[in-house]
Ligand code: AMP
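Heads up, the chain below is alone and in the form predicted alone; it's given as structure tokens.
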Amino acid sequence: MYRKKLILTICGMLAAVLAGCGNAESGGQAEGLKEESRDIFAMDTYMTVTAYGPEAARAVEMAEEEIKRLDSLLSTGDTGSEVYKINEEKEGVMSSDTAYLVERALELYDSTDGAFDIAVYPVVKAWGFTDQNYRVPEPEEIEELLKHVDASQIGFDEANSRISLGEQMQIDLGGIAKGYTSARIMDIFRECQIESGLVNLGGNVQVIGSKPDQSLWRVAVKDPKDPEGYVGILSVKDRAVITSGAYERYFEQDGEVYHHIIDPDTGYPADSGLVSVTIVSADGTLADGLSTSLFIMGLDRASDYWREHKDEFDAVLMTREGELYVTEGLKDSFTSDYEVRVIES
């Protein structure tokens, strides 16, 4: 099993940990390459942004400003945020960022047959996962809340960026917000002509290019059963690597463990047989949304979904029994001490 002492890590203690980051002072093309790195707390998590190149300082400064801007825009708890006002007023004209995310969220709702549903927020809130006041709701409460969990009932006027919600409906874009944020940072890096860099948003990792020494970035996928261990290492470039797991946020009550990934069909923590799903994609927004969606789907549905969309992403999936699966696009870039089963098209 991979251990922290075997690899260099950067901040990713929640889902995926960036490893083996290289040294900007090592030989070859990395010689003399300027490095700029900054730790940031936003979106309720600790983040690290790192860039290499002549404009690294400017790129990191712009990235921090963008993170804070998006956090203030998309937060469900900040009374000044756009999402908070939409949930209160049940309608509004959205900024381009929010409108884009709503559009992507509704596309994911359709393609995943409802597994990804931004309207599940009131149920998540009832379980206490939004403010850490954990509780197990009564079945009758969940049944009542589920009447308003249906993203297909969200009114979305794409041409005018308008949204309207039902009287009891609320939305949360948190399921794709970090992935979108990392994608926006990659846009900033490209604008600043950064050819090597990374962002780690509380375990949501996205990299641009290769490491400064031209080798691949190595991202470790956390072991759900061992907070100090990893199930394997992904070697990537120009990719987002985003994990959802039952181990990330949970509470125990009366001997039962309840995790934060709520199935919008049942209103209860997803019981799909999976304990961890890692998505690898060039599209950070997509990777973020699919990590949750495939977790809810379970192994068989997730495998079928990948076969239908294999040009868009690959995945690493671990079952409750400890079986480890990777889609065939990763069979040469994922290494593990576990037995790895390949999902083929």
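Counting begins at 1, following the sequence as shown. Quick caveat: nothing in here was measured; it's all calculated off a predicted structure.
What comes next is about the form predicted in complex with the ligand, which is not displayed.
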Is G267 a contact residue for the ligand in the predicted complex, using a 4.5 Å heavy atom cut-off?
no
Indicate whether T292 is a 4.5 Å heavy atom neighbour of the ligand in the predicted complex.
yes
Tell me, yes or no, whether S244 is in contact with the ligand in the predicted complex, where a contact means a heavy atom of each within 4.5 Å.
yes
Is R249 part of the interface with the ligand in the predicted complex - any heavy atom within 4.5 Å?
yes
Among the candidates L101, I194, V221, I262, the residue which, in the predicted complex, approaches the ligand to within 4.5 Å (heavy atoms):
I262
Ok, D97, D172, D71, E82: which has a heavy atom sitting within 4.5 Å of the ligand in the predicted complex?
D172
Residues in which of 186 to 194, 111 to 119, 133 to 141, 209 to 217 have heavy atoms within 4.5 Å of the ligand in the predicted complex?
111 to 119
